[in-house]
Every structure is written in C-alpha cells, then in structure tokens.
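Let's start with one chain on its own, the form predicted on its own, as structure tokens.
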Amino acid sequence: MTKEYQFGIYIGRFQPFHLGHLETLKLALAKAEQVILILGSHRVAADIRNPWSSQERIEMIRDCLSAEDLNRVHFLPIRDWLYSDNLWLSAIQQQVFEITKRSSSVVVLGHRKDATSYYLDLFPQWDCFETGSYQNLNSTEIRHSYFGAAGQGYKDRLPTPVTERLEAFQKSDRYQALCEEYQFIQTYQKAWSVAPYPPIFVTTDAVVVQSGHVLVVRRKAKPGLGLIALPGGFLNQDETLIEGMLRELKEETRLKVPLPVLRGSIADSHVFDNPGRSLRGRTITHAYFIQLKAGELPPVKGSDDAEKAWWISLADLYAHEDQIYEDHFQIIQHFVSKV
C-alpha cells in the first residue's frame, strides 16, 4: 500500500523510549514508507538526564519493532549544539539528505508540548504533522521514578522490552552511581527551594590552550564525579569575574604560570547561558580563553575540587567527548575553532 510520504522524520532523546514514543513511531511508519529516527544528545556524558548512550537507546527501540518495520527505520544519532541551532540543523540536513536523496516527500512528526518543541518550526522545507500527546507520558517523570522512587512506578509507561532492559540496567554500577547523583541533585535543589526567588548561579571557567593541548581536570565531587571538565567554579561575592576565573584555575591545577602572564594571555571570553546546561539549576558561566605561547607544557597538578589536572591534546579531547562534563566540550569548541 502506497504511503502518504516517502520519508517521515521523528526527533527525540528517547531517555527512555516509552509507550508514547512507540505510538508516534507507529504513526510515522503508517504515514511514510521509511522513517528516519533522529536521536539527540549523541556522545554526551551519562547523567540523570541522559543515562543511556545512543547505542543503548537504539537497542531499546529495535527490541520494540518487528523485523519488517526495522527494515524501514534509519537510526541517526545527532550531537547537541546548545549554542547554535544552525550547526544542529546543518548536521541533521546533511545526514538526512544522504538518506532521502533530497526528496521533497518528507514529513516531520512531533508534539508541541512546550517551549522546547520549537525545533519543529525549523524545517520549513518539509511538512509537519502534530501527533498530540499519548497519555501525557513524560520521560522526565519516568526517570524520576526510575532513579528516585526506589526504582519503582515506571514500568506501566514503557514497552515490555524496554522495561526488561531497564531492569537489567539496575544491576549495574552505572545505575547505582546515577541514583547517587539523582539524590545529590534533589538535595541540592531542595536546599535552595526556600529562597525568595529561583536562584541563578554564576560560575567561571578557564580554557587554557598551548601547543594544541587544553588544560583539563577530573572532577572528584558530584555532580559529574569522575568526568573531564574545565577548571572553574562558583564566583565569590568579593571578586571580579577574571579574579574568580584565575583563582579557580590556580586552585584546581596549580598551573606553573605567573598570574600576570595568565592575565596578559586572555585572548577572548564568552558567556554560556543555556538554561538547561546544568542539572543543579540555572547556572551562567563566564568562560575565558587563555592562549599561551607555543613551547613546553607547564607543570600542573590536581588540587581542591580536581582529582587530577593534565594537558589533553585536541585529538584526545574529541576521542573522549562522551566523558566531558556538562557543556564543557562545546565551550572548548567555541574558542579553539577561532584559532
């Protein structure tokens, strides 16, 4: 039977893939001959918002489909671009065009649940189909039950194969670590719930680059325990942004470069303020790009909030993208792409 469209596009993070996602995917298969399933948040470090890798999510979805339907589905993992819709769109368009051969018979399916659904308006070249909400299912609420309510109260909202995978995942060390991080975040947010206004936190980060290497640390505290991060932290009330950045840089790395040299090597700065960049709450960071002269890399040593400090090559940085804290990979990209 001929379908209404040649290709259907369904975009989501599917963290996890629930019954509402399955219904929308079935609808896409009914409307289009082939479906391109775009999985967002590709290669991000695991946290309570993105617990499962792209491959793990693909396996969940594959388990829910028949062999016949699987032959009609293309899985397309896409990185997040928190600070550039154009780069995100370019990545999608480039890979979608390779599959569709620039066919004009394309429909994007999705539900306009809130402001985060604005992406549905970014594809004027394709038709858009409003799917509605299936039983008001919400992945965020499912994750809250899965990590916070003794791992209960979520199973009736998932396809059986996904439930089985999540039950198996509960036996892993990663699940236990994520449960601990979930409790940390809940406690952190509760502590600020009595404030007269929702808090906005201000932090600074240092992007120090020399001879094709970036100075990074390994976090030794939650959230993001064990992840690779930029040296940085919260601004004190009695210091300027640059003073705060330099203080955190020295405290966490013991970088053997005099402060006047570091000040004089600041080549650029930028504010990174995506509302969802931090699980702790609304956190705005002021990042400073310090470009040191080429030569032997200065000694560093992890201290304070950093378990370890080291110089990582740009090549290794890209190889470890899925181990980098919050949006720090994109912050580094922002600066190094200019030089």
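Note that residue numbering begins at 1 and tracks the sequence as displayed. Worth saying up front: this structure is predicted, and the values here are computed from it rather than measured.
Keep in mind that the form predicted together with a small molecule is not shown, yet the notes after this line are about it.
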Pick from 88, 169, 154, 184: which has a non-hydrogen atom within 4.5 Å of the small molecule in the predicted complex? 88
Looking at 95, 240, 131, 269, which has any heavy atom no more than 4.5 Å from the small molecule in the predicted complex? 131
The small molecule in the predicted complex: contacted by all of 234, 303 and 328, heavy atom 4.5 Å: no
In the predicted complex, does residue 111 have a heavy atom within 4.5 Å of the small molecule? yes
Under a 4.5 Å heavy atom criterion, is residue 41 part of the interface with the small molecule in the predicted complex? yes
4.5 angstroms heavy atom contact with the small molecule in the predicted complex for residue 137: yes
Should residue 197 be counted as a contact of the small molecule in the predicted complex, where contact means heavy atoms within 4.5 Å? no
Want to guess which of 118 to 126, 246 to 254, 213 to 221, 187 to 195 is within 4.5 Å of the small molecule in the predicted complex, heavy atoms only? 118 to 126
